[in-house]
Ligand code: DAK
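As a starting point, one isolated chain is supplied in structure tokens, in the form predicted alone.
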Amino acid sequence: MSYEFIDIKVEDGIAVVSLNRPKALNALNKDMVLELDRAFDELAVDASVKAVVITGEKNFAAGADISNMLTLSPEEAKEFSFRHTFNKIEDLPKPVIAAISGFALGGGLELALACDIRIAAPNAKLGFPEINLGIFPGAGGTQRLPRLIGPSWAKEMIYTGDIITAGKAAEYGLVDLAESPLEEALTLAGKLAAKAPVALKLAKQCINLAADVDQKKGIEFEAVAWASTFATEDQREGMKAFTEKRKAVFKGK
């Protein structure tokens, strides 16, 4: 499928999804998010893709396109919210890494929060400036950010609308720093692409579930998911390779 506002390249099991509205600093509009939605449907079922990196040239995404929202009614605003697509990215049964340069603001930061791991350049700027527009983050920001960095820092970011540096974001635990975030993300994605896909998928499900259930229920879910890996060829290959002192070759079965 061809896209207008994003680019996708797949190599060595890694899909790189590049946001491509440079004149708008990669601000998210409805058409771009619809393309992301279709792309992640494809990536979910593409067995050749083991890990995904989301990035943007010079800027990750400088918020949502305000011109799209000026006259929305409440019902239209709810429909405009990108939450369904961001949930789809969060639930992708493969690791997703955000490689952040420049701005990751508003909806752009919410997109990054839907990823499993965020790697930012020292020059990156992150924040939720929506409060200055008379609104607040509406695509998962008020839910994902407190779970990631704690409610106090999350409230400060959301209430003030201040844009923070990558260094401050790293102090909060929001991002990892790297001089070249895309290069670092690709290196990490390559490492993850060599792991057992089924085990990785189940581990992601267990971790994501931890935010929604009490600990004992999470542990029970984890036990069932963990036990199910013993029905896979990858489990047998991984343990056999360990005893034979060689590198395991996983097939996702």
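Sequential numbering from 1, following the sequence displayed. Worth saying up front: this structure is predicted, and the values here are computed from it rather than measured.
Beyond the structure shown, there is the form predicted together with the ligand, which is absent from this document and is the topic of what follows.
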Check all three, Lys23, Ile66 and Glu110, heavy atom within 4.5 Å of the ligand in the predicted bound form: yes
The ligand: the contacting residue among Ala98, Ala139, Met157, Leu126 in the predicted bound form [heavy atom, 4.5 Å]: Ala139
Stretch from 213 to 221, 56 to 64, 35 to 43, 183 to 191 whose residues place a heavy atom within 4.5 Å of the ligand in the predicted bound form: 56 to 64
The ligand contact at Phe82 in the predicted bound form, heavy atom, 4.5 Å: yes
4.5 Å heavy atom contact, Glu130 to the ligand in the predicted bound form: yes
Contact label in the predicted bound form: Leu105 to the ligand, heavy atom within 4.5 Å: yes
Any non-hydrogen atom of Ala27 within 4.5 angstroms of the ligand in the predicted bound form: yes
